[in-house]
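The chain below stands alone and is given in structure tokens; this is the form predicted alone.
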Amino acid sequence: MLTAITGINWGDEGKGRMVDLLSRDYDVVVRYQGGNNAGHTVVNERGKFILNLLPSGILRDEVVNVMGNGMVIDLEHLHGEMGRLREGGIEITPKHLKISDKAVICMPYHKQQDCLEEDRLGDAKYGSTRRGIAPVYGDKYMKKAIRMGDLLEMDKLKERLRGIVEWKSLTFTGVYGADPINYEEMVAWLERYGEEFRPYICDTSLFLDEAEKAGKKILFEAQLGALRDIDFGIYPYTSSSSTIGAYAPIGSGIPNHKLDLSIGVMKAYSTCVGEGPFTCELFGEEAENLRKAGGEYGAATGRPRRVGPFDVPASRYGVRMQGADEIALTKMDVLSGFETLPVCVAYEVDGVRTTNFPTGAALDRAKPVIEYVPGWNCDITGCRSWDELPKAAQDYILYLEKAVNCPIKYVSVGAEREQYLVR
């Protein structure tokens, strides 16, 4: 059984919360793309955890977690993340965590280049998290990257690194007027942080292939959402990797396998971190009330999230791109204090109304078409079944389900692990 949990919108939909919940029924959880440029917040009986690189299944002792070949890994950040989890009582050993030998290492010079480029762009910046993601993926496809498996052959790695540093320094000095990269410092960084992870590095492709053949249930965890996908998102305001569920087997190392189930995660309203078009965005007091009610601040960056009503065109597009078979709807409880709820039901582009999600320059000209539906003025955090929800909340869920043309199976009514219901 191969299942992907993916984001329907711009990211921050609550995927980590759903992976933590559903991982109880799976043997293996895999992150298949991205780096530490986004965060998954998980709240359970052990406490509150923010995971940037580690799969959210790491909080279950019985689950094996895999960091796939499609990821880019900042060793220093991973060292700190694992340390914080261990302080919280989470055991992490090579039995619980396996890192692909083909995953790429995000070096300090990638982060520096990210900052230099965003500063150069000025007001035209893409909204990078400045964590080196675009430069390291660029180097991967330029065949100038260092992979986790290289840490097992340090002599060969040092020899290859020298040429990479010379090449990268040409960009630093010639394009940005910055100092060249110090080779000895890069070697020291790799030796300091790389030593810790050598026992975790393995051929995860072989591990996952054998696990699937043995009947193990595998859960794939995406980072960000469909609208941040490098190909199908709001380019160029996207991530640098494929956030689409169809990429999960490839980014995990088993491209010879196919998904059995795709679960899309979307919020009961819209949020967006970073730059780029966000047609349904709210502003002023209305936005701040929703932002505070939902605690909408980025898990990786702490940046205030842009917020808005549920966006039907964007969500329908995300459902289609993810090939979602069913939906997990999160943060329903946040809307409990609002008497009426706005919904962006369509866009108007150049005077023409459309329910399709436009791409390119047309999206910049899109204006939201808003309708209002009744809210429910009561606490729903204690609801554990469909019948316990107030009728207005039920009607809202059914309204969204029809709008995106995909069944809503899970409804989250709070941040705690057990605050949800299944239809």
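Residue numbers run from 1 along the displayed sequence. Just so it is clear, the structure is predicted and the values come from calculations on it, not from any experiment.
Form predicted in complex with a small molecule: not shown, discussed below.
The closest heavy atom approach of residue 41 to the small molecule in the predicted complex falls within 4.5 Å. Taking the partner from the other structure, the small molecule in the predicted complex has a heavy atom within 4.5 Å of a heavy atom of residue 334. The shortest heavy atom separation between residue 21 and the small molecule in the predicted complex exceeds 4.5 Å. Proximity of residue 415 to the small molecule in the predicted complex: non-hydrogen atoms within 4.5 Å are present.
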